[in-house]
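A single chain, nothing else alongside it, follows as structure tokens in the form predicted on its own.
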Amino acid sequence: MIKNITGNIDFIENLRGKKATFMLALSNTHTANIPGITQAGIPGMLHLTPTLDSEFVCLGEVRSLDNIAKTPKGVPTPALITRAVHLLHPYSRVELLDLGLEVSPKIAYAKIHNFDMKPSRRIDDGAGIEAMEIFQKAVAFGQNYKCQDDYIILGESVPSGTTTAKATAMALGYDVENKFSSSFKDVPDDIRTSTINDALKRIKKDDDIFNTLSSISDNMLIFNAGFILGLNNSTPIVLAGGTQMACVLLVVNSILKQMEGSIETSNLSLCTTKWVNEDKNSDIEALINMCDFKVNTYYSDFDFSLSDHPALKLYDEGEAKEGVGAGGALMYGFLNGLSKEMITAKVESFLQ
């Protein structure tokens, strides 16, 4: 039920039956306010998507709005998958990373790490990020973080994050055309392309990597890259996501190049969904292989073929694909004895 994209199965098999901390990186970028660029949430309220996602994963309900976030086409958030696994075989703990939210989640008891960050601005107008400051905070967090479980599953919720990720990878010099996925089945390439092109025009040839990231990236990409480097292979970590998390690895790669450093990756992996792996409009394997280091990467072989619910069938038709750590959550479920039937039934129960 867990299949290779790159590397071998050894790393993931070693996690079978072990305890995990589920960590969710949450951030807003005003890039999501560009009309038509994303469908990761409710039109006019996209800034609430990560807030609602975290509330639902932790509590099974949302408190900052009446209903769970879903796209204009009716696709419900992948947070349903992540929550379903948590109910069937709970993560040992859930921790949230507030990396610049417009609205803080209304959760009384969950561990929320707050790093005093502001949401980033539109990349076509200059993201306005203090990239070096965020990176340093992330490295320090990784160096000082004491995982109380066997490993970390690190997911994300950042509306319009695939756009900022593609722009970031291009600004760092990677050839990533047609390699980044989208929340849409039919990617709004004209909107995304014009936004990214306007953003790239702001980059100067003599900018160093942190000046570039400050102008064109998002907080999650920079922070997660620093967190990985701060952990320094001390704790096994599974990046639970698709092409955005692949971009985190590209950021790590570029930082190491500039600093003439290296990284040991035996405790680092990525796990995404079948929907991302089979997406004809993107190529996560190619993104991973652009790194100078090797990373074991996987996808969870799960779909909604057992469901008749029309909203869930949209996933199998190419809408949504990934988010809120869904691929890593499914991996965790499969490693702990959950079946496709069990997960499907639990997700359906949320929509009754």
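Throughout, we count residues from 1 along the sequence that is shown. Here the structure is a predicted model, which is why all the values come from computation and not from measurement.
The form predicted together with a further copy of the same chain is left out here; the points below concern that form.
### a further copy of the same chain contact in the predicted complex: residue 232, any heavy atom under 4.5 Å
Output for residue 232 is no: heavy atoms all beyond 4.5 Å of a further copy of the same chain.
### Task
Consider residue 335 of the chain shown here, and say whether it contacts a further copy of the same chain in the predicted complex, taking contact as heavy atoms within 4.5 Å.
Answer yes; at least one heavy atom of residue 335 falls within 4.5 Å of a further copy of the same chain in the predicted complex.
### Task
Could you confirm whether residue 266 comes within 4.5 Å of a further copy of the same chain in the predicted complex, counting heavy atoms only?
So residue 266 counts as contacting a further copy of the same chain.
### Message
Check residue 8 for me: does it contact a further copy of the same chain in the predicted complex (non-hydrogen atoms, 4.5 angstroms)?
### Response
Answer yes; at least one heavy atom of residue 8 falls within 4.5 Å of a further copy of the same chain in the predicted complex.
### Message
Where, within 4 to 18, is there a heavy atom within 4.5 Å of a further copy of the same chain in the predicted complex? Residue list please.
### Response
Those in contact are 8, 9, 10, 11, 13, 14, 16, 17, 18.
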